[in-house]
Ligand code: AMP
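Quick setup: one chain, the form predicted alone, written in structure tokens, and binding and motion questions come after.
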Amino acid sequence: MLPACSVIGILGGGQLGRMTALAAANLGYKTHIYTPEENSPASQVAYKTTVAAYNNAKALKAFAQSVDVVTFEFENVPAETIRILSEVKQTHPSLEPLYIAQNRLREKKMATELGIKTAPFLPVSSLGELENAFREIGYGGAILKTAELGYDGKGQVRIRGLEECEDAWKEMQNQPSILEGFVDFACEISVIIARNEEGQVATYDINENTHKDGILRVTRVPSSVTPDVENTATQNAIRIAEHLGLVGILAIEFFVTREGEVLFNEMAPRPHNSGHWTMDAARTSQFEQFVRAVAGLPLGSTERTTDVTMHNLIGDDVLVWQQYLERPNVKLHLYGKTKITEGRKMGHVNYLGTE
């Protein structure tokens, strides 16, 4: 258990690191941000920032020596970075959850090995393999995704017929990929789960998510899914967290089919956009829970205190941020980003009760 005034090192300077740093401060901890980005959202509220590349071994070791525990706020940190840091200081989550989450094929294989259902998928490393894979699982259409990297709709292309495979493969630029067959799903949900070193587990109410252009736009809690679906998703999340030996927080996205099947989609071993509602509508926010788990503290209550709808402020949406201050049931969270670009997450609002 980390004593008060200890320093938590966070890899990444984005909004997730920012909100984690704020939660850590409320628990009496300092945060040291390590990021290649100048004036990052997280550095604006942190005790200290190191601006350096993720492959700078000297800077990484100095960073590790300056903190009491290391964690990360996004999963595209190079695995080698975590390996270097873990030789110097305890790192939560460990390399294993990060390694699995960085590759869609590894994620899907892990899920199937645990007996968790997924959409049909096949690995693809050439145009010929893509065409063969499409013949096998693309009968209703398919989506080609890079096996690594890619988020918010990036690194993926839809394929509706065999004749589109060549152009899709060119768009992948010969990167190792995964082809996933289309699923006739009713909705997408996610589970936020925390686990500490003692093996204590805490899950939040199911999040029901709406995307547009591959970017999460709206999360509603409670969800519209049945208790059986909610139980299946939650139990699957617990199985995965325990299999990985997770210490920290994990978000897992599932598709729910019209027949009520729950299909694993992907996961992220860090706070998640769909869990932002917890900041204003749960006894313990996902960010405080993350800090508790990483610091070795008992996990907090995940009880939801009200119905809630979270809306992301994407790009120019943020220009009208002041109007939200006039509504007593709306909580505004801005990320300190000065440059507005299309598709960039600038903040979010939580509607408490009804929208």
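None of the values given here were measured: they were computed from a predicted structure. Residue indices: 1-based, along the sequence shown.
There is another form of this protein, the form predicted in complex with this ligand, and it is not shown here; the text below is about that form.
In the predicted complex, no residue of the candidate spot (Q90, R195 and G245) has a heavy atom lying within 4.5 Å of this ligand.
Heavy atoms within 4.5 Å of this ligand in the predicted complex are found in one stretch of 79-87, 161-169, 95-103, 183-191, which is 183-191. None of T284, N265, S223, N236 but one reaches within 4.5 angstroms of this ligand in the predicted complex through a heavy atom, and that residue is N265.
Though this ligand is absent from this view, in the predicted complex it lies within 4.5 Å of a heavy atom of just one residue from G260, G214, G199, G128, which is G214. By the criterion of a heavy atom within 4.5 Å, R270 is excluded from the residues contacting this ligand in the predicted complex. Using a 4.5 angstroms limit between non-hydrogen atoms, E208 is distant from this ligand in the predicted complex. Although the partner is absent here, Q156 sits close enough that one of its heavy atoms falls within 4.5 Å of this ligand in the predicted complex. Looking at E253, you'd find a heavy atom of it within 4.5 angstroms of this ligand in the predicted complex. Taking this ligand as it sits in the predicted complex, the stretch 133-148 comes within 4.5 angstroms of it through a non-hydrogen atom at I143, K145.
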